[in-house]
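Just one chain follows, in the form predicted alone, and it is written as structure tokens.
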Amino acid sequence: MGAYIIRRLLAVVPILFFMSVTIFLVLRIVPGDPARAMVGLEADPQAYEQARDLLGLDKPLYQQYLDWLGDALRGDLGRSYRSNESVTNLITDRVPLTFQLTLMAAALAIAIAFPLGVLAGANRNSLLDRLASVFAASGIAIPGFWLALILLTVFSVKLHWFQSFGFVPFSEDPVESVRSLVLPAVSLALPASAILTRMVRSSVVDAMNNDYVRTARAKGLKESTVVVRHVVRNSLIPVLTVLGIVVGQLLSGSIIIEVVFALPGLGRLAVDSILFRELVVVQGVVLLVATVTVFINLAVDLGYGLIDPRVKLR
């Protein structure tokens, strides 16, 4: 198992390197000039050149990347030219909200998908199975931002059950903090739970047809015991793979939801930075989200060893 963990950790290094190169080059291809956005359209050429020098845009592209990568490895992601504040500090201030929203959405998606998928798969072609299929198809088809607007209109504007905008930090009031993120979390969780429900159901249906299930039934075990002890665990490996992808999508998808609900998280920071062409801030946000996503999938790989003992031999 130790060799398996070491191999997975070493595999992360080239992935992170390729990811950093991709982020840097893609943002350089995006139309617009950060130096021009900094000094304004009517600035004189001298001020424009000074801005390019300040932002490091006068250097060769490879040198810009090496400087940025070197600073990033030391924890320095640059400075915002609008506020002159460290990008690291800007991101650190916004991370708790985004991570809390992602964790709430992931927990809600799992709480919905796993029981529903297991029950639907264990009772194939039943009414519950058909209802689960309708829920899964609807959840996948409905865009998250549209669902967010519907929830906002119904539960905030019409019923006044939740506040429309704003966020209470968890350290100040845990109850109000969770309550302020209920609608955003539901907006993220429902589409994700639809995907997970379909995956759990398919895995359970496949497992129900295996010989060990028939053997367990022949021994006289209750159907609930067969499902819980034998079917569920053997269905988790493909579900765990999809779960890692879904959690990464929840993290990146929170950007749009944060804009809809006016939440001061990483999403709002990224959108505002894009509007003002602050590439250094956008780079920092995207790098963080991509890095976290990579390590989520690494955790999924390591989780295989806990579920499937055969992984330890590879």
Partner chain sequence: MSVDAGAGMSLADEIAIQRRRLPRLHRRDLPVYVAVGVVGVVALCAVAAPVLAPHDPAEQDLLFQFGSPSRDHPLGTDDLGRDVLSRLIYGSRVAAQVGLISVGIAILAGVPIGLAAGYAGRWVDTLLMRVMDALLAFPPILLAMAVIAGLGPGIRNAMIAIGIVFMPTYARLARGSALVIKEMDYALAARALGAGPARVVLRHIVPNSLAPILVQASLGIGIAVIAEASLAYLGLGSQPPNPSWGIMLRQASSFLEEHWFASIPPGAAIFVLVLSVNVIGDHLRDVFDPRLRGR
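For clarity, every value in this text was computed on a predicted model and none was experimentally measured. Numbering follows the first chain given and starts at 1.
A second form of this protein, the form predicted together with the partner chain, is not displayed here; the remarks below concern that form.
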| query | Do heavy atoms from each of 141, 206 and 252 fall within 4.5 Å of the partner chain in the predicted bound form? | reply | yes
| said: When the contact criterion is heavy atoms within 4.5 Å, does residue 152 count as touching the partner chain in the predicted bound form? | reply: yes
| request: Consider residue 57 of the chain shown here, and say whether it contacts the partner chain in the predicted bound form, taking contact as heavy atoms within 4.5 Å. | output: no
| request: Mark residue 26 yes when one of its heavy atoms lies within 4.5 Å of a heavy atom of the partner chain in the predicted bound form, and no otherwise. | output: yes
| Is residue 146 one of the residues lying within 4.5 Å of the partner chain in the predicted bound form, judged by heavy atom distances? | yes
| task | Select, from the options 235-243, 194-202, 172-180, 84-92, the stretch whose residues sit within 4.5 angstroms of the partner chain in the predicted bound form by heavy atom distance. | result | 194-202
| If you look in the predicted bound form, which residues in 254-275 sit within 4.5 Å of the partner chain (heavy atoms)? | 255, 256, 259, 260, 270, 271, 274, 275
